[in-house]
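The data below hold one chain only, encoded as structure tokens and taken in the form predicted alone.
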Amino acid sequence: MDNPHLYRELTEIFREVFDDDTLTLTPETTAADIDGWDSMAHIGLIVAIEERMGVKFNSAELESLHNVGQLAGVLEYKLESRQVKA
């Protein structure tokens, strides 16, 4: 999955979770940039990403994420690893 496609998918998920069709993600986007991105919303966001993308994050991965770019990097690695195993 290339990054533009991944960012489009993530943007759709973020827009659904935060109910905001104007959200535009960049690698530098953080929770401070999105209204309502608190700890509870973060859990909902991660669950939505896991369900939509068919992946599971472990706690160490989640603790290492500080912006959307890092999230996309971990997600891209998981998706590529899944393709190699198939």
Partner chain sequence: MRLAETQEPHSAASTFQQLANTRMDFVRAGRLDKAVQRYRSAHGNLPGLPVVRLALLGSSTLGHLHAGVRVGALRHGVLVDVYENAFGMYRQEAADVSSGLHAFRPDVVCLALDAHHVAASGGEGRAEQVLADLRELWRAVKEMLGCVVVQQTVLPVHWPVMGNQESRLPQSPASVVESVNRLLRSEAEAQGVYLLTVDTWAAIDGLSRWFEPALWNRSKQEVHPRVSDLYGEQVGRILAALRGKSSKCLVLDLDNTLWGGVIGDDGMEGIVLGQGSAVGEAHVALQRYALQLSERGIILAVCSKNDEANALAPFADHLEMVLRRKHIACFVANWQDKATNLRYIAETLNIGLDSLVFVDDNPAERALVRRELPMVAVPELPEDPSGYVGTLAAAGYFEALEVTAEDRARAELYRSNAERENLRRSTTDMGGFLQALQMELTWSPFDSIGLKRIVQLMNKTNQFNLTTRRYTEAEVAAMLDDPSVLTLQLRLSDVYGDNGVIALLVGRLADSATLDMETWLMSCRVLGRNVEEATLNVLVEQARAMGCTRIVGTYRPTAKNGMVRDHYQRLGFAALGQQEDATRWELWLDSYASRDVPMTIKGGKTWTTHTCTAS
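Numbering follows the first chain given and starts at 1. What you see is a predicted model, and the numbers here were worked out from it, not measured in a lab.
What follows is about the form predicted in complex with the partner chain, which we do not show.
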Within a 4.5 Å heavy atom cut-off, is Asp33 in contact with the partner chain in the predicted complex?
no
Under a 4.5 Å heavy atom criterion, is Met53 part of the interface with the partner chain in the predicted complex?
no
I'd like to know if Leu25 sits close to the partner chain in the predicted complex, meaning any non-hydrogen atom pair within 4.5 angstroms.
no
Even though the partner isn't displayed, in the predicted complex is Arg15 close enough to the partner chain, meaning a heavy atom within 4.5 Å?
yes
Go through 28-53 residue by residue and record those having a heavy atom within 4.5 Å of the partner chain in the predicted complex; state none if no residue qualifies.
Met40, Ile43, Gly44, Ile46, Val47, Ala48, Glu51, Arg52
